[in-house]
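Here's a solo chain for you in structure tokens, the form predicted alone.
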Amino acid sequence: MFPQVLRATFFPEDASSADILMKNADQAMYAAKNNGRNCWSCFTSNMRAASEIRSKTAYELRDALRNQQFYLMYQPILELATGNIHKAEALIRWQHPEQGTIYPAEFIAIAEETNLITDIGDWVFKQAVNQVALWQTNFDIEFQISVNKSPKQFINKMSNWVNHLRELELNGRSIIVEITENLLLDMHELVIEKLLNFRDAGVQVAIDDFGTGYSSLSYLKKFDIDYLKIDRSFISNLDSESNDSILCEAIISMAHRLGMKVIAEGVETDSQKQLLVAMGCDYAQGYFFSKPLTADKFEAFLLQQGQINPYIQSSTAIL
């Protein structure tokens, strides 16, 4: 039987020592695995450069956590039927001392590879919980904040978000945990245990970027998924005649029949919004409504929308 992944590096072009050749072969193997199984990859100098960048970023990520270089932005999630905003998604940013603002797409994968994702994810969760507690007290008792949870975090026994909510005496519905479709295909016992713990504690769960993975409908019901988030790739070209319109309408209809709500991501135009309203979509987020905002600017946005009392003191001052 042939191996599922083949990798290659060449002597003496790539290196002259056995140790370096083995490291090169490992890098080629990781590249092959990223492309899927039953494939092969040859080592290139670009792989070495990419490896050095990953190592440097991993080192700096540890400093970032210690030195409080991370911060959260909040993107409003609008209820399409009423225009009300009772939800927001928490989005991490890294304020690098030299490079400025770094977005999660540039460092989350490295955090996952180096197992830093659990500490970073727990930091995000606790910051979001502190914020939602203040907003519930000062503005809206039903307010919810969504936080993304990496598949890597599900297999870490040390991280228990439900216990933290209980310690703060917060309702489980204060938080929506966003997971990927592919996580549902991983029947690791810790994944099952934590999803069921969320359900029992009242924590709601959303499938992020729905439509891009391979989730089974049976899993959606088994774990009582509460929301499907339609991936922005289906929204970006949305018009009444497009295949994306047919797919979005089918997802919304299916979700409603299964007792789930639907959130459309990446809404950028009024026509997209109107089409989603006509389809019966429940919620939407995107630059048409608002870009991600810092906590104080989020409160100003709610004030501008007439959704909070202008005489209530900003809650961000006591964070």
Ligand code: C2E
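Throughout, we count residues from 1 along the sequence that is shown. In this text the structure is predicted, and so the values were computed from the model without any measurement.
Omitted from view is the form predicted in complex with this ligand, to which the following refers.
Residue contact check for D209: one or more of its heavy atoms lie within 4.5 Å of this ligand in the model of the complex. For the chain shown alone, E60 is not a contact residue for this ligand in the model of the complex, no non-hydrogen atom being within 4.5 angstroms. The closest non-hydrogen atom of R232 lies within 4.5 Å of this ligand in the model of the complex. This ligand is not drawn, but in the model of the complex it has a heavy atom within 4.5 Å of I108. Against this ligand in the model of the complex, the set E89, I117 and E178 is in full contact: each member has a heavy atom within 4.5 Å.
Screening 188-196, 244-252, 77-85, 143-151 for residues having heavy atoms within 4.5 Å of this ligand in the model of the complex returns a single hit, 143-151.
Although this ligand is not shown here, in the model of the complex the stretch 265-302 places heavy atoms of E265, G266, V267, E268, G286, Y287, P292 within 4.5 Å of it, in sequence order.
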